[in-house]
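Two separate entries follow, structure 1 and structure 2, each one form of the same protein chain as C-alpha cells.
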Structure 1
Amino acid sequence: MKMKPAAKVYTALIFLFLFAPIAILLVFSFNGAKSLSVFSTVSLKWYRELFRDAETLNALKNTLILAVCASVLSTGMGTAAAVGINKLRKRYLRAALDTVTNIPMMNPDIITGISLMLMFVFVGQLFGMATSLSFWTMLIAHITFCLPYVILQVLPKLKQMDPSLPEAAMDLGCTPLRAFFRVEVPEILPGVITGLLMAFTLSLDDFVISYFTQGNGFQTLPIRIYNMTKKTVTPKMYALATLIFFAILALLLLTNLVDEDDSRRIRAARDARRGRRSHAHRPGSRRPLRIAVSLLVVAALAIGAIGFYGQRAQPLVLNVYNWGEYVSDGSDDSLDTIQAFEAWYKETYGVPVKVNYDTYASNEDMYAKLKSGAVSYDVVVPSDYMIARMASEDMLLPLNFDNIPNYRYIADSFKGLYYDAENRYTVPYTYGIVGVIYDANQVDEADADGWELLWNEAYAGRILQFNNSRDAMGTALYRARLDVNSTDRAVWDEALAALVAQHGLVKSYVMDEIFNMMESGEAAVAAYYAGDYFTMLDAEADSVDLRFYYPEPTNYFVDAMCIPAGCQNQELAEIFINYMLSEEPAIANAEYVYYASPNRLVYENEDYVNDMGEEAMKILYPNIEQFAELYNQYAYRNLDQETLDYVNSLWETLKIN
C-alpha cells in the first residue's frame, strides 16, 4: 500500500523534528572552533580534547559501571518478579501488583529522587553514618526505577508461552528449577534481553534521580554535564554525545535483532504445528542466548572493575565540592589541579591521597545537600551571601591558619569582609564584578553606558536578562540606585515594576544560554559576569564584536574556600586550601576560569599579566585597593527568609505574566 503525498510529508517532518538536533550535534562535534553555534573548519580537535579530559572520562566510566550493575541486577530481580506475578491465580492480587509496578514509571522523577534521598538520609542517621549517600544508594535508586520496565518486558513473554511446557518437562523428570532454566528461560529470553537493554539505556540516561541520590566521589556523566555552568559547555561534550548516540543506536539495532529472532521462532513453532519443517534449531535461533551470555560477561567484567575500584588502597581521601568548570582540569593544555595536588602531596608527605572532586550548579544546590546531611565534604567554595548563611547556622568550621601559611598572599582588601568579618572561616578563591556585554556591530557606542542599555527600546527583542530573581531585580535596583539588600517591600515592588516595563524588550531570560546567544550574534545586549565575557571572546563568530563595561553601581561578589562542619579530615582540607593558594595552581586556575584572583602571587605575576593582556587586566582588576569599600556597599547579603519569599513571589509573578 503506497503512502499518500501528505502522509509522506508529515512523516518526513516528524523525522526532521526528531533527528535535526542530533544531526546538528554530530556536525558541530567536528567544528574546529570553540563556538557552539558558528561552524568554521572540520577538525577532530574536540574528540582529542575529550580523551584528554580525565574528569569527563571518569564520569563516563562511573556511568557505565552504574548502568551495567543496575541493568543486570534489575533484570534478575524483574524476571523473578514477573514469573511470580504470572503464577498468581487471584485476579485482584495480580491487578494490585500490576498497579504497584506501574507507580515508579508514572511517578515524576523528581518526586522519586527526593523520596529516595530522604529515605537514605533517615536510614543513614538511624545507623549513625557520617554520610548517607554513596555509590550503593545510587545503585539502589537505579534498580528501583528500572525494575518495572523489566517486568513489563518479561510478563508478555510468559503469557505467550504455553503453560503446559514446564509441566511436561517436570513429567519427564525435570526438577522445577531445571524445567525453569531449560524450558521457560529460552521461551522468555527475548523479553529478558529487551528488558536488560532498556534498563541499561534508562540508567545510562538518568539525571534527576541520580542527582538526588549521588554520594561523594561518584559523579555520573549527566550530572557532570549539568554542572558545567560556570562556563559554557564545550564542544567536547558534543563529541561525547555523538559517541553515545551511536552506542545507543547499536543497542537499539541489537534489540531489533532479538525481536526479529523471536518472531522467527514463533513462525517456526507455528509451522511445526502445521506439519512443516521446523526452523527452531537453525543457528539464528540461538542468537538471543549468545547475546545474553556476551552481555553477562561484560557485566561480570564491569562488576569486577567495581570491586577493584572500591578496594584500591587509599590511606587518605579528600572530598571537594566546587562549582562546575571552576578549577583548571588539564584541558586546553592547562594544569590538572587535582592530579597535581595528589602528586604533590605524595611527594611531600610520602602518603598517597585521593581527591573526590564533585561539582554543583548553584549555591542553593550545595547548601541543600550539606544541610540535609546526605553527604559529607571537606572543602566547599560558596559565594559570600551563602557563606554568611552557613556560618550563622554553624555549618562551617573555623580554620587553623597555621596550616594555611599562603593565606598571607591574599590582598588585605579581601579580608574582614561582611560575610567573615573576623576571618575565621574562609579563604577567598576568586572574585568578580557584574557588567554589561554588548555586540558593537549591533549597538551604538553612544548607548553603551550604565544600566539604561538594558532598557533601551532601540534594541527591543535583542536584550538578555538574568534568569534568577536576585540578579534580575538587582539590575533594576542598581539602575534606580536603590538598596539591593533592602527589607522594605516597596523597594522590591519598584524593582518588579522596572522589570515589567523591560519585559517587552527582553528576548529571553537566561543564565548559561547567554554564551551561545551572544557568541553567535543572536542577541545584542546582556548583563553578566566579567570572567565569562572573556570565555565568550574565545568563541565569538567573525560577525560579532563583543565588548564590555561596568555600569555604576553594580554587584561585587567573592567565592571563598571553606570547611564544612561535616569535614572528615580538617588538616588535610587545610593543606589542600594552602596548595590552591600556591603560585602554580593559583595562576593556572585564574587563567582557566577567567575570574579575578585576590591572590598577589597571581595578579602581580608578570607572565600572568602578559598572558591575560592589558585589556583583560583592566577589566578584571579595576580597583583592587578599593575593593573592600565597594564590596561592602554593593554586594548581595543574605536576606531574611520573609524577604526572600516575597522577592521570589514577585519574580514568579513576572515570569508567569
Structure 2
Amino acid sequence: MKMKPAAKVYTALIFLFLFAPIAILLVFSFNGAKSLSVFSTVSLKWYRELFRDAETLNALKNTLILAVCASVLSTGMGTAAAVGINKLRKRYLRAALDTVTNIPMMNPDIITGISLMLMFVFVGQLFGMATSLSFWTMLIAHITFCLPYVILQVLPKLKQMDPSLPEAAMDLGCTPLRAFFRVEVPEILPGVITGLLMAFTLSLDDFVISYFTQGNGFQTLPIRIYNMTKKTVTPKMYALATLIFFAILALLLLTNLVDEDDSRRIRAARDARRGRRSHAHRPGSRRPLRIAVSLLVVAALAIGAIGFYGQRAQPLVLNVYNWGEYVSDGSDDSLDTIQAFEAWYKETYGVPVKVNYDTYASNEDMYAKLKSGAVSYDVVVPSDYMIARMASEDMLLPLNFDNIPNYRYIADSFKGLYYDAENRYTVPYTYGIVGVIYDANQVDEADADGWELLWNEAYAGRILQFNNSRDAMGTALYRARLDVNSTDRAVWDEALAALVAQHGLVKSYVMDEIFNMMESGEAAVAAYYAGDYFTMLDAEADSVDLRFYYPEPTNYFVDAMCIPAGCQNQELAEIFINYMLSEEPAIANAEYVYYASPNRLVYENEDYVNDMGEEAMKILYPNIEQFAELYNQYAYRNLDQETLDYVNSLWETLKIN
C-alpha cells in the first residue's frame, strides 16, 4: 500500500522528533571541547579517548554481558512458561499466573528495584554475608523484569497455533519432544525472537532497577553515566552512543540482505515447484543461517562468561568506590591512575591485582549503599562530614600508617581536622572552597560581591543553586552568617525562607548540569567548588567570560580516602592509598579533577604549578597555612539524624513551591 503525502510528512516529523537528540549526540561526539552545549572544533579526540578508557569499556562489557545473559535466560524460561500456561486447563491457576506475570509491568521500575533490593539485603543479613548485592542479584533483577515481556510475546503465537498440529505430529509417530521442536517451535519462533530482542533492549536501557540492585565491581554504563556528577558527563559517552548507533545500522543492513536472500530463496522454491530450474535455489539454505545465529549467541555468551570469570579468578581484587569523574582516566595523554596502579603493583610485588573501580553520585548515595550492607568496598572517598558520621557509626577501620609512608607529604594543615582529630582513619585526597562563578558579560562587576549576587533580582532566571540540601541551605546560612551545623530548627527555617525567596530567581538547581549551563552562557551566576570553575573555563563559549571570587564566609571541604569496615584486604587497600599519594598519580589526579591537593608532592611540583598557571594557583591554594583554622570554623559537621530528617523535609518543601 502506498502512503499518502500527509502520512509521509507526519511520519517524517515523528522520526525527526525521535532522532533529534541522537543527531545532537552524533554532532557533539566530534566536539573538540568537553562540552555538550558549546561546539568548538571538529575532532576525533573522544573516540580515541573512548578506546583508551579501560573503565568505560569495562562498563560496556558489563552492560552487554548482563543484557545477553538476562535476555537469553529470560527467553528460555519465559518460553517454557508460555508453553505451560497455554496448556493449563485450570482457570483459577491461569488467572493467578496472569496476574503475577503482569506485576513487573504494572509496577514502576523504582518499586521493582527497591523491592528486590530490600529482599536481597534482608537475605544477605540473614546469612551474614559481607555483601548482599552482586552480579547475580542484578542478573536476577533483569531476568525478572524481562520475563513478562517474553511471555507476552510468545503466548499469542501459541494461541494462534492450531492445537491439532502437534497432535497430528504425534499421531504420525513423533515423540512429544520431537513434536514440540519440529512443529511448535517453528510456529512460535517469531514470538520468541521478538521476546529475546525486547528483553535485550530493556536490559540494555535499564537504569533504575540496576541502580538499586548493583553490587560490588559490576557497574553498567547507565549507572556510570548517572554517577558522573563531579564533572559533566564525558563526551566519550556520546562517542560510544554514536558507535552503537552505527553498529545497529550496519546490523540492520545485514539483516535486510539476509531477508533478500530469503525472499530470493522463496521465489526460487516457487519457481522450482513450477518445474523451472533455478541456479539461486540452494536447498536448506536457511539452516546455515540459523546455525550461524545460534553460534553467535553461544559465542557471545561464552566470551562473556570467560571474561567475567577471568576477571573474578584474579587472586587479588581491590574494590574502590569513588565519586564519578574523580580520578584521572588517561584522557589527553594523562596517566590512567587505576591502570597505572595495577601495572605498578604487578611490577613491584610480582602478582597481578585487579581494581574494581565503582562510582557513586553523592556522599549520601555511598553511605546508603554501604550502611545497608548491600555492598562492601576496600577504599572509599567520602567528604568530611560523612567521614565523621561513618567513624561515629564504626563504619571505618583505623589505618596502619606503616603501609602509607607517603602520608608524610600531606601538609600539616590537613592533619588533625575535626572529622579525624587523631589522624586514625583518613588520608586527604582533595580539598576545596566554595566560591561564586559569574559571567562577566552578563553580570555587572559592581554586583559581583558576597553571597548577595545569588539573590540579586537583576539576574532573575539566570541564577543557579546547588541541587543538594546541605550545600543549598549552606549558601543561605553563610549569607546570613548563621551556623551551618546548627541543631536549632529556627535556624534551618530561616535558611529555607531565604531559599524560598530565591526560588523565583533560580533558573535551575544543579549538580553536574552546571558545566553546560555556565559554559554556554545559559546561566550567569552560580555558587560551586573552586576547582570546577577551571573545568568550565576550558570549555566556555566565545560569548562567555567566566570569573570567580570567594564570598565571606564560605564552605571549606576535604574529601579523604578511608577504609570501610568490611574491607577484604586492608594491606592492599593501604598500598593503594599510598600509591595515590605518590608524585605521578597524585599530580595526574589533581590536574584531571582540578581540585586543590593537600599533597606537597603536587602543589610544590614545578610542572604542576606551571600547568595550572598563576591565577589557578592563587584561587585553588589561597591560604594553605590558615586552612585548618578556617576549616574548623566553617566546614560542615555531621548532623544528627533528627536534624537531617528535618532539613530533608524542608528541602521537599522547597521543591513543591
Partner chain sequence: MSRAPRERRNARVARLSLAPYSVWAVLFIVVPLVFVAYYAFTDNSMRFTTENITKFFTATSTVLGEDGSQQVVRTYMVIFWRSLKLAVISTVICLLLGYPTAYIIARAAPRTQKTAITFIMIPMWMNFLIRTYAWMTILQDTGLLNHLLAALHLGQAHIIGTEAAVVIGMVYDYFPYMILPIYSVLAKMDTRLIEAAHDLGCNNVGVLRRVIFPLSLPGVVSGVTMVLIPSISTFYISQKLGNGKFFLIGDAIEGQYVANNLHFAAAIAFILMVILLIAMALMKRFTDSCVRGGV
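What you see is a predicted model; the values in this text were computed from it and never measured. For numbering, take structure 1's sequence and count from 1. In this text, the rigid core denotes the largest set of C-alpha atoms whose superposition between the two forms falls within 1.5 Å.
Handout entry: Pair member that is the form predicted on its own
Key = The chain shown as structure 1 is the form predicted on its own.
Practice task
Would you say whether Thr11 is displaced between structures 1 and 2, judging by a C-alpha shift of 2 Å or more on the superposed rigid core?
Solution key: Shift at Thr11: 2 Å or more after core fit.
Exercise for the section: With both forms fitted on the core, give yes or no for whether the Cα of Phe401 moves by 2 angstroms or more between structures 1 and 2. Expected result: No; Phe401 is a residue whose C-alpha shifts by less than 2 Å between structures 1 and 2 when the cores are overlaid.
Exercise for the section: Align both forms on the core first, then report whether Ser520 has a C-alpha shift of 2 Å or more between structures 1 and 2. Expected result: Shift of 2 Å or more: no.
Problem - Following rigid core superposition, Cα shift of Leu44 between structures 1 and 2 in Å - result: So the C-alpha of Leu44 has moved 2.7 Å between structures 1 and 2.
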